[in-house]
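Same chain, two forms, each on its own as structure tokens: structure 1, then structure 2.
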Structure 1
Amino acid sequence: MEYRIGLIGCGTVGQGLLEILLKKREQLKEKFNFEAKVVSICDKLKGSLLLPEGIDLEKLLHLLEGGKKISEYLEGESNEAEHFDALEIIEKSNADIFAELTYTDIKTAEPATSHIKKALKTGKHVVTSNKGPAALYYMELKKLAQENNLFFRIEGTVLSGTPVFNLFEHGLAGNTIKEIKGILNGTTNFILSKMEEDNMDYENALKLAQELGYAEADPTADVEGFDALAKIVILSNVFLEGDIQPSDAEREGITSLSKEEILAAKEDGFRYKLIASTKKENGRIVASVSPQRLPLSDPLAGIMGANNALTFDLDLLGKVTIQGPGAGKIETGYSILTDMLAIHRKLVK
């Protein structure tokens, strides 16, 4: 079955998705009867393209790898789409599924939320790795999708391509969650690992994380816990059926944690991790992000480097921990593919 695909945002994640769709084209068709034809792309910096007959992904990726713009794809031909903004592209596109892959703004969730609403109101399914809309407006967007008999899926918002929502939809279906806790930010986990293993102070560990590309020039969202906070809010609202905002959860980052505290914990058989957690108490969701001393017997204590992990405390299985990458070009691009395949499975039932 062929699906027409549109992309809003064609940065690292968007290009990762395009690479996967190109590389896995035959396998997806043969194994899953899934064919993807990319018909529209809009990127604030790279330009726009609207081709109902489909875009040659190999040609497009070659252009992007050479530092050229999407708009140069037509090689001098008229490109009407170049004058459209993202909302116009969404409305005029014949896409069945839109992937919203623009930058994350955790304070306003824009412009991503407007893009998603426009797509759902014009009959397109939406998949996204953008944490903003999922953290601030999940229930509203889910309701809008249901009202229009469409799907809104967010696998890539928490652990990149490591399955969380798809895992519960199938592998862990039927369980009731008692508590969720985990390491949801690879940057801070890398910094804490280096402070313990290599006896680094915070400033040097952060500098190394920035040099390796794990941390941004402004690392505030990571080291002050805002990124992990957005993710635990998403998990609270999806799995615990809450409707909380980031402001409803307690948050503390790692900037006040000293090397001496970390090494002292190690001597005592403990390890510091930035832990995000959520559970229901008396019908109320209690969510938080904070540095915690974990016993080395805790599976989360063994997660080192830039890796992420989640432990689910379940009524039927007890504690189940999953570990995997929480970021990456191909990894996050893969999360978008898994959501597209999930929509495909539901539509062909």
Structure 2
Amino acid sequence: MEYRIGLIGCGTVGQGLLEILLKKREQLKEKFNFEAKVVSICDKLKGSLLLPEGIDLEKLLHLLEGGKKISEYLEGESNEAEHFDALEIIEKSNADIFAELTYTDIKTAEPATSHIKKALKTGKHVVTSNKGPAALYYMELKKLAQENNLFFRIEGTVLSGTPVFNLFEHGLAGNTIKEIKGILNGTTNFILSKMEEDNMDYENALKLAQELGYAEADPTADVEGFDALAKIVILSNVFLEGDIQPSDAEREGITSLSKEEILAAKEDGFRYKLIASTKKENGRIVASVSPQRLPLSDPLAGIMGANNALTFDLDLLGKVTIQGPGAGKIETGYSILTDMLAIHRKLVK
């Protein structure tokens, strides 16, 4: 089955997705009967393209790798998409599925939320790795999708392509979650690891995390715990049927943690981690993000570098911990593919 795909945002994640679609084309067709034809791309900085008959991904990626604009794809031919804003592109596109891959704004969730609403109102499924809309408007967007017989999927918002939401649809289905605890931010875990293992200063470790591309555009979101907060809010609302906002959870980042405290914990056989957790108490969600001193026997204490991990406390299985990448070009691009495949599985059922 062939799906026409639209991209809103063609930065790191968008390009990761395009690379995967190109590299895995034959495998996806052979194994899953899944074919993707990219028909529209819209990027605030790189320009836009509307080609209902499909874009040659190899040619486009070659342009992007050379730092060229998307519109150069047409080699001088007039490009009507240049005159449209993102909302018009979404409306005019013949895509079946839109990938919303613009930068996360945790405070306003815009412009991503408007993009998603427009896509759902004009008959397109939406998959996103954007944490803003998922943290602030998940219920509303899910309902809008359902009302229109469409899917709204968010695998890439937590742990990038490491399965979390898709895991519960199949592998862990039937369990009731008692508590979720995790390391949900790669930047802070990387900084804490570098400070402890390499005796690095906070500033240098943050700078390195930025250079390696883990940190958000404004790293305050990482180091002050806002990014992990958005993710624990998403997990609370999806898995514990909560309806909480980021302001309903306690938040503390890692900036008040000194290297002396980190090294003293190490001497005592403990390790500081930025832990996000959520559970239901008397029908109410209790969620928080804070640095915690974990004994080394805790599986979360062993997660080093930019990796993420989640421990689910389940009624039937007890504690199950998953760990894997929480960020990255191919890793997050892959999350978009897994959600597209999930939509495909549902549609061909």
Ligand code: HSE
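Rigid core (definition): largest C-alpha set, two forms, superposition within 1.5 Å. Counting starts at 1 with the first residue of structure 1 and goes up one by one along its sequence. All of these numbers come straight from a predicted model, not from anything done at the bench.
Checklist entry - Looking at both copies of this chain, which one is the form predicted alone? => result Here the form predicted alone corresponds to structure 1.
Next on the checklist: So that I can tell if D218 moves, could you say whether its C-alpha shifts by at least 2 Å between the two structures after the core superposition?
Outcome noted: Shift of 2 Å or more: yes.
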